[in-house]
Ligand SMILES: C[S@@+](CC[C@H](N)C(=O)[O-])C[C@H]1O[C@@H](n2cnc3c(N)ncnc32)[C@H](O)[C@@H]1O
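There is one chain below, alone, in structure tokens, taken in the form predicted on its own.
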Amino acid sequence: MTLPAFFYTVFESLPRQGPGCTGASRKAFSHLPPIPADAKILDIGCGSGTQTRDLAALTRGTITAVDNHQPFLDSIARWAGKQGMQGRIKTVCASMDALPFENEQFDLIWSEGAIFIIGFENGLKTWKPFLKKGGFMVVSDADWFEPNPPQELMQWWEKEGYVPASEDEMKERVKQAGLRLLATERLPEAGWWDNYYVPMLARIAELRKTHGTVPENAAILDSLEHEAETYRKFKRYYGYTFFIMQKV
């Protein structure tokens, strides 16, 4: 899927390109057994790398950050250089469904809020071969927190092209993928609103003044604003869950 250039104009300056928070990342990581000191870690759909930096603080291994938008990767490389971490963090520009890696190369695969791009089941199936036996995979994805979501919310998700499943259904998909589920952890509301939508809405307000007269740009801004309003209105029904898994 090729996104309009203006979409990246919205997101390149934001601290996150999707919902998340350092506290939730740390809590998800805490469910893992100790990983090797020299662990090889793959961060898929890394965006500008907020969780990449979290992983660098949580581990002593090497991190390969992957995204298909080079400016995001450039920002990670600049940060790694300033921190003296060039030897620990490298970037690869690639699509998450065509990763240029060898099988059984990584001890840990991490992906926050990105697996929906290729689908939860497909992502698990596609990425699992890159894990060493006994290695771990941690991903966050949208799911239903309550049954019987309102029709308006269902229609919004259907228009987005990705309808969530229940947490129990997601757990079953983990099992079907041949992975052992170690734990789940829900992303708190602050990870959506304070860390993602508040900065995004401020950015939208700025861009309406400078770019909003172009119909295509206005449509993107309208869509993102509607996404934030949908979450504000229906947040009890859905959110992100981290699935902490092991390749057996």
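These figures come from a predicted structure and were not determined experimentally. Residue indices: 1-based, along the sequence shown.
Below: the form predicted together with this ligand, not depicted.
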Worksheet item: What stretch, of 206-214, 186-194, 32-40, 63-71, brings heavy atoms to within 4.5 Å of this ligand in the predicted bound form?
Response: 63-71
Worksheet item: Any of the heavy atoms of Ser95 lying within 4.5 Å of this ligand in the predicted bound form?
Response: yes
Worksheet item: According to a 4.5 angstroms non-hydrogen atom cut-off, is Leu55 in contact with this ligand in the predicted bound form?
Response: no
Practice prompt. Would you check, heavy atoms only and a 4.5 Å threshold, whether Phe120 touches this ligand in the predicted bound form?
Written response: no
Discussion item. Just checking whether Ala28 would be counted as a contact of this ligand in the predicted bound form - the rule being heavy atoms within 4.5 angstroms.
Written reply: no
Worksheet item: Is it true that Phe145, Pro164 and Thr241 each have at least one non-hydrogen atom within 4.5 Å of this ligand in the predicted bound form?
Response: no
Response to the item:
Checked 164-200 against this ligand in the predicted bound form; residues with a heavy atom within 4.5 Å, sequence order, are none
